[in-house]
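Next up: just one chain, as structure tokens, the form predicted alone.
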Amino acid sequence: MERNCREATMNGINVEKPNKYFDGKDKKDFLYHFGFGVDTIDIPAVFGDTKFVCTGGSPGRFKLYAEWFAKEAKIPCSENLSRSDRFVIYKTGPVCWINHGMGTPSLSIMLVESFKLMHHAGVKSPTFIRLGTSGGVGVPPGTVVVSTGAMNAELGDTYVQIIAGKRIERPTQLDSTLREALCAVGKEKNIPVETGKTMCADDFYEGQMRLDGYFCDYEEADKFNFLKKLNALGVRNIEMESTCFASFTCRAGFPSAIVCVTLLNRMDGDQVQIAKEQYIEYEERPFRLVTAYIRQQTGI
């Protein structure tokens, strides 16, 4: 049975307290991949009013999203607050826009440092939303998939970590209340929205059964059999971050959602073949849906 992450937080299910070795060390903590720490800037003054953390892969796209949101909401957009070249951080009122790079290793670093950032800022329960692009599985290009859960490359509903040589599997839960609210906004805005599982691949080519990579030791029939199997399991899109994102946010007790537009239906091919103008419009759809929800919730 699906659990709601807010309920999980309330009932103490799958929610962990911060690392015990972290306690008492706040004054010395440095967020290495963001390039600043508690002794570098006044974190509560800058980030203390954060309610939403929006994240996605591309630094350029997230700079643009932050600027768009600031313009639409008629509020200031900060400069890039990151002091490293690993990630960008923009702030527009109660919303932080932080890119996470490609794949779960990069995402995991960004999430841990974002969680620590929220801790130092005194933010108790921020909402995390991942916005991105993906490959559709049996859904048409331009569909915004609001994920019901994340599936790993072995087709299990867990995030797999190797810690001290041991395999650790953690649940990949997402907040059902948040998902339903986002879907309702999508309907209001006439944005094509579908719900379903998201498969998190470990790489872009072979892990997604593409036929256009440098290596390919399987047949075209194998690809289509795999995609049909995914579709039958309820998977509606494929990307490379969902298991880590779902696991970390629910483990921390933060409500979260994954909102990704499909740029193609993988049943029809492996390469995106749409006009540039159409690509841009598709790419804007998760932003339009999520920011409409945020503005609804915050009144800005």
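Each residue number is its position in the shown sequence, starting from 1. Small disclaimer: the values here were computed from a predicted structure and weren't measured.
Beyond what is shown, the protein has a form predicted together with a small molecule; the following relates to that form.
S.K.: In the model of the complex, is there a heavy atom of the small molecule that lies within 4.5 Å of any heavy atom of Thr133, even though the partner is absent here?
M.R.: Contact check for Thr133: yes, within 4.5 Å of the small molecule in the model of the complex.
S.K.: So in the model of the complex, does Ala70 come within 4.5 Å of the small molecule, heavy atom to heavy atom?
M.R.: No.
S.K.: Using the partner position in the model of the complex, report whether Ile238 sits within 4.5 Å of the small molecule, counting heavy atoms only.
M.R.: It does: once the small molecule is placed as it appears in the model of the complex, Ile238 has a heavy atom within 4.5 Å of it.
S.K.: Please tell me whether any heavy atom belonging to Phe204 falls inside 4.5 Å of a heavy atom of the small molecule, as the geometry stands in the model of the complex.
M.R.: Yes, contact at 4.5 Å.
S.K.: Pick the stretch from 120-128, 162-170, 207-215, 177-185 whose residues have a heavy atom within 4.5 Å of the small molecule in the model of the complex.
M.R.: Careful reading of the contacts points to 207-215.
S.K.: To verify the annotation, which of these, Leu264, Ile43, Ala66, Leu31, has a non-hydrogen atom within 4.5 Å of the small molecule in the model of the complex?
M.R.: Of the candidates Leu264, Ile43, Ala66, Leu31, Leu264 is the one lying within 4.5 Å of the small molecule in the model of the complex.
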